[in-house]
Ligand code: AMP
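In structure tokens, one chain follows: the form predicted alone.
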Amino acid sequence: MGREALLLRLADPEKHLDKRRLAILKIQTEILRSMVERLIDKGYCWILPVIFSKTTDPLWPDPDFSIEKRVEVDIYGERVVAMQSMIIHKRVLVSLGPGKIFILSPNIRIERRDRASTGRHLYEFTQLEIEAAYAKMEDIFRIFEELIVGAMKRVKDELAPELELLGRDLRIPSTPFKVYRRSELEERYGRSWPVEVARNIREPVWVRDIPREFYDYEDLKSGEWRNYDLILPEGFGEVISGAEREYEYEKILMKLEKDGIDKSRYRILLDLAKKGLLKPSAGGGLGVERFVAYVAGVSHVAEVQPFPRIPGIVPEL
């Protein structure tokens, strides 16, 4: 089936609950059950998401930025935005409340229309967000590796008929996942390294040191960023982005000004940092639909949504 025909089929409401889609939904259920149970067992508090706020992730200057527009509305005489990522809320919460949290967080990112055919992009999706006070990069690597491998084993053990229906020969990756620096991959593959890496690896790999948003920790002396992406094989690409976090007031302020970001939107974060209350932490967000698509082996991430949100296509429901 051609890409355009696939997009039209995915947008057809009569195709939402065919046998393939039901198999994928069962796989998604087992993945989420496995991950949530493991996080609760590790002492993480389950937090409900925020949808509208004065503050959200600016997603800038991420090199993969591709937002066509930001959704803004007026409520109670105030201007608010739809959540693009709960990173700022996570930072505040682990500093003032529970030290370890997770959230199944809906994100609204109105991607450019030309991303409809990548097979990896949606304009509404869900992230499994985690954050832990005083955690380091390697701590987050181990947590996500355990979540991923545990969920894949569960699907393979419990849902063999569904995998067979989808024609998916699911391979469980070995741990720990390999770790690469962004600079070495860029030297090997060029600026399109995220796409090329996803095509050439056989198991998930971590990529660290990616110049990105103001809240990711940057060592100003060495220029190293203590952040990371997890890249999936078979062309599925980035599924997790995360970092150790900035927590020093002067440094956060300097980076906001350097990136040209409105400081007034991050007043609470800056106030906490100025008072010394913003704790060092680390975390990340796993794209649920992308991971489910990888486990199920489907050709477009929209296949895992009952009501697909494909860039440039507005469905009836």
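Because the structure is a prediction, the values reported are computed rather than measured. The numbering used is simple: start at 1 and walk along the sequence shown.
The same protein also exists as the form predicted in complex with adenosine monophosphate; that form is not shown, yet it is the one meant from here on.
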Have a look at I101, I240, I148, V155 for me and say which one sits with a heavy atom within 4.5 Å of adenosine monophosphate in the model of the complex.
I240
Could you spot which one of V207, I143, L122, V94 gets a heavy atom to within 4.5 Å of adenosine monophosphate in the model of the complex?
L122
Stretch in contact in the model of the complex with adenosine monophosphate, which is absent here, among 196 to 204, 217 to 225, 181 to 189, 231 to 239 (heavy atoms within 4.5 Å):
231 to 239
At the 4.5 Å heavy atom threshold, is E162 in contact with adenosine monophosphate in the model of the complex?
no
Even though the partner isn't displayed, in the model of the complex is R109 close enough to adenosine monophosphate, meaning a heavy atom within 4.5 Å?
yes
Is the gap between P58 and adenosine monophosphate in the model of the complex 4.5 Å or less for some heavy atom pair?
no
Is there a heavy atom of G283 no more than 4.5 Å from a heavy atom of adenosine monophosphate in the model of the complex?
no
Quick one: which residues from 127 to 157 get a non-hydrogen atom within 4.5 Å of adenosine monophosphate in the model of the complex?
Q127
